[in-house]
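In the block that follows, a single chain appears as C-alpha cells, in the form predicted on its own.
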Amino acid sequence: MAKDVPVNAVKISLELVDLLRELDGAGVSEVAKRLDKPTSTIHDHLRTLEQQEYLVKEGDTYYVSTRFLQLGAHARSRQKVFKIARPEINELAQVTGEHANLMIEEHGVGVFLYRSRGPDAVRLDTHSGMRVPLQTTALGKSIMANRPREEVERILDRHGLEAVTDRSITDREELFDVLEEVRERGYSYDDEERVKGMRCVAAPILNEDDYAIAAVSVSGPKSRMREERFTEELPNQILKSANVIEVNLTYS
C-alpha cells in the first residue's frame, strides 16, 4: 500500500484556494486567521498563486481566477458519461420543465457533473462541479445503493453523515435500510434532504457489472413534485433516460 506523503506547502495552498472559494475572496489577514498560519506564510502562498495565475487580486482582496475553469472543463471532458449523457439530460429538462442533473462519485462525495435547466425550473445553488454529501441527494443514494456495502462503509468512515437539513439522513443503519429499498425499487427520492422545499427523483447509471458509475435526476419544488407525478411519472421518465444512457455507453 502506498504511504501518505503529505507536502505541507501544497496542502496549505490547496486549503487556501478552497477557503477563498468559500469566502468569495479574502485578504491576507483573514486567510491567515482562518487557517491559523503566520501572515508572512500566507502572503507568500497568495503571491505565488497570483503569479501562476490561479488567483487574481483586486485591491487587497484575492479571488480564485478563471484558470480553474479551464482545469474543471478538462476534468469533466475526460468523463465518458458526461459526453454520452449530456443530450439526454438536456432532453429530460425540457420534457419535465425542471432541473435535470448528472452526478458522479469522486473521493467519496457527490459531484454534479452536469445540469440542465428546464423552462419552469426554479433558481438553485446547484452548479457543475458542486460537491455534496452523497446521502443528502437522491443521486447519491442511487449511486451508493448500487455499490458494494464495504465501499459505502469506507465512504461513511471517511466523510460521516453530515446533516444539511433537518431531513438529512444521519444514522448509518437507517441509510443502509433506505439504500436497500432504493436497490429493490430501482430509483431513489430526496425529500427536502439537501434543500428545503425541494424534492428530487434519481436513477443510477450502471455498467455491465451493475455497478453505479453515475446517476441522473430531476429536481423541483415540493409543490410540483407530488402525487402521481412524484411517484410514477417522473420515476418512469428518469428510468428511461438512465437506460438510454447505459445503452449508449455500452455501444459507444
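Just count from 1 along the sequence shown to find any residue number. What you are looking at is a predicted structure, and each value in this text was computed from that prediction instead of being measured.
Keep in mind that the form predicted in complex with a further copy of the same chain is missing from the display, and what follows is about it.
Hey, with a further copy of the same chain in the predicted bound form, do Ala214, Ile245 and Ser252 all fall inside the 4.5 Å heavy atom range? Per the other structure, none of Ala214, Ile245 and Ser252 touch a further copy of the same chain.
Does any part of Glu58 reach within 4.5 Å of a further copy of the same chain in the predicted bound form? Heavy atoms only, please. Because a heavy atom of Glu58 falls inside 4.5 Å of a further copy of the same chain in the predicted bound form, the answer is yes.
Whether Ser13 contacts a further copy of the same chain in the predicted bound form should be assessed with a 4.5 Å heavy atom distance threshold; does it? Answer yes; at least one heavy atom of Ser13 falls within 4.5 Å of a further copy of the same chain in the predicted bound form.
Distance check, Leu49 to a further copy of the same chain in the predicted bound form, heavy atom within 4.5 Å: Yes, Leu49 is a contact residue.
With the cut-off set at 4.5 Å between non-hydrogen atoms, does Ile238 touch a further copy of the same chain in the predicted bound form? Outside the cut-off, so no.
Segment assignment from 198-206, 220-228, 62-70, 179-187: heavy atom within 4.5 Å of a further copy of the same chain in the predicted bound form: Stretch 62-70 is the one.
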